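Quick heads-up: it's one chain on its own, the form predicted alone, in structure tokens.
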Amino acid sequence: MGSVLELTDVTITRNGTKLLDAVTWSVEDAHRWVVLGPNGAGKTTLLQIASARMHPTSGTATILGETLGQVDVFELRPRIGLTSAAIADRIPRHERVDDVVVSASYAVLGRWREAYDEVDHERARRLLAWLGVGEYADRTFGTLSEGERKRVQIARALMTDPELLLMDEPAAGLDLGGRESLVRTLDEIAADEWAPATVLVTHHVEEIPPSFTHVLLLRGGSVMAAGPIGETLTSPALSETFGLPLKVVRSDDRWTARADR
């Protein structure tokens, strides 16, 4: 196993506030991590660092063997697959779904004058079909449901065969059926031995796919706990992370959490 992401004492400070505070964290190429924490914990900021879209105020961030501040991030970013609400908001609603996916090859949002080979379009359509939205390849992004858009974003994130896959709350806004369908898809991706190292950010333990191997718990920009999920995702650890007595239960490789009364 090799390290694809290595953070050492990473701190992010904005307007005198620490968004991340001395975070040290390592992701290996066979790992499937879930990042949990309350609102304002620093989860999205962590992914901004991991996706080479933000530099540490202090500390060192090494991604795919390259250290931020010593590498051209525009060459690094295509090696990282990323889904997030911020990216979704920037996708032109009139863009064809096929183009939303294929344009990841140039790490751009919105087709312009770049040229793609037929093999690129074939790969985009294979990914869309695998994710269950192949029939929408010629529709516009704005006509899709929220669940369909989530799947298109994942196809886009996988388009460049990334070495690191980052997903920021991919199930946000989905109903129960949509969430369970997406969790099943994410589990299939994570279980594939050829899949990239993966990091999934969520608020809810119910959204953790069974194949995920590790968990990082964040609160107030600090790491509360990190390690193998079966050992680390405990009731005391989750209670401390969310500041509320919680009971965590694992059943059939899925997790649930509720207030412990």
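Being a predicted model, the structure only gives us computed values, none of them experimental. Residue positions are given as counts along the sequence shown, with the first one as 1.
There is another form of this protein, the form predicted in complex with a small molecule, and it is not shown here; the text below is about that form.
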*From the list 228, 65, 236, 40, which entry has a heavy atom within 4.5 Å of the small molecule in the model of the complex?*
40
*Residue among 44, 222, 213, 26 with a heavy atom within 4.5 Å of the small molecule in the model of the complex*: 44
*Answer yes if any heavy atom of residue 247 is within 4.5 Å of a heavy atom of the small molecule in the model of the complex; otherwise answer no.*
no
*asked:* Is it the case that residue 10, even though its partner is missing from this view, gets within 4.5 Å of the small molecule in the model of the complex, heavy atoms only?
replied: no
*the small molecule contact in the model of the complex: residue 15, any heavy atom under 4.5 Å*: yes
*Which one of these stretches, 44 to 52, 57 to 65, 228 to 236, 190 to 198, sits within 4.5 Å of the small molecule in the model of the complex when only heavy atoms are counted?*
44 to 52
